[in-house]
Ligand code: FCB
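Taking the form predicted alone, here's one chain by itself in structure tokens.
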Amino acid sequence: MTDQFPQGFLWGTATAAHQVEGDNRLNDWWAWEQVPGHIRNGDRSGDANDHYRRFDADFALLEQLGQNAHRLSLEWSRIEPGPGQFSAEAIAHYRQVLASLRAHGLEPMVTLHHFTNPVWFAQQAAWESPDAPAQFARYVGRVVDELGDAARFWITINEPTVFAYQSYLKGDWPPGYRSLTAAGRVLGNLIRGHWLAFEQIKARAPHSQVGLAHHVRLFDPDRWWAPFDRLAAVVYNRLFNLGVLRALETGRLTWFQRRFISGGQGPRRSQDFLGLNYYTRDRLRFSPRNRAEFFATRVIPAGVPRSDLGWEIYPEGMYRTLRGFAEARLPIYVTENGVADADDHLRPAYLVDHLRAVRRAITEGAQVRGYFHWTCFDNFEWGEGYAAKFGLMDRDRRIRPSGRLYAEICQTGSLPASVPPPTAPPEPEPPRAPELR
């Protein structure tokens, strides 16, 4: 097996507007950050990476590092600051952003919803409302009317299961609910929103490529010999991984999703590609008292390699997931993959090992067309604030060794024969229970 990737492969990094632009005051996250205790270390997004003003210089730097694509998101609250009120200034700004990407040889992959909601939308019950999918589709239609000629790849919604889980089941993100009913209703509406958005995009830009970025987190039984551990892994896999995929494949909500929402039917085909966000896996042990987590506890065995957030580093999971995705017979883009690693002692090997897993899947038939590393520079990582560092660069745009390694990979389209051994890691913090990202 050669470590050379196919010609035309997309090499890039991924960002989200609220995490890098700065001064996003019109969405629900800005308000959430102001409440003490919501964000680790009391961090607030503030000016973030000042990417709203520095985008052109940032894209020039990515071009110098050999990248030929970039995944970004548009901030809905900037574009539609009031219901049905669209900002010509914001639309003009994002046209400049997309033109800058093209000028620097970077293929745009545009995400339309990446966790943040306009304040007015949040005040109307956000994704719990039966009107939410239509309101989202109105925004999408206007964006594609204005910008449809500037991008070929569109991602409607980023990680719907993570959004529903973190915001409406676990309660760690706005609006901070802890309700299975609310989470189920939101997930169903997000899928309906994707269906309507797909139709809006295709009606206006028929040759565009449309998909959804789906977070897949592998779930394995902690004890293979324990039947209830295996059952817990099956339940988690169906709820978090397969439910959305089945709905997109069939145009119908699953039985579980239909328990919470009616009218769950969409187009039979609503994606031109599969977007995969992969970071880690969880090992599950049956826990009959843990009803809030579907009767399972996530276990982190001693001695396994872990990121700064305590997530297991498991490259084989990338291969396993891509091999499963290959059954859909659609092009696949790895839309996020990365590691929280402040000292950059894990990231070089993490990067190469996961890309070797991608290459292995390609040789066995997976139609992987691109890889977007999370992320180019450290940014505001939601509830973790600025503590979790996923960047190939820091916020001052200082390039880490892993960033230079990724540049070499992007420029040659192949993997190095070996990776320098990691530097000595700092003393680990006590393990923290992993969370869906």
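The first residue of the shown sequence is 1; numbering continues from there. None of these values were measured; they are calculated from a predicted model.
There is also a form predicted in complex with this ligand; it is not shown, and the following applies to it.
Heavy atoms within 4.5 Å of this ligand in the predicted complex are found in exactly one of 395-403, 27-35, 382-390, 47-55, that being 382-390. A residue is said to contact a partner when one of its heavy atoms sits within 4.5 Å of a partner heavy atom; S167 fails this definition for this ligand in the predicted complex, lying far away. In the predicted complex, at least one heavy atom of Y279 sits within 4.5 Å of a heavy atom of this ligand. At least one heavy atom of F115 is located within 4.5 Å of this ligand in the predicted complex. Taking non-hydrogen atoms only, E159 approaches this ligand to within 4.5 angstroms in the predicted complex.
This chain is drawn without this ligand; in the predicted complex, the residue among R306, R185, H215, R283 with a heavy atom within 4.5 Å of it is H215. Residues of 219-247 include none with a non-hydrogen atom no more than 4.5 angstroms from this ligand in the predicted complex.
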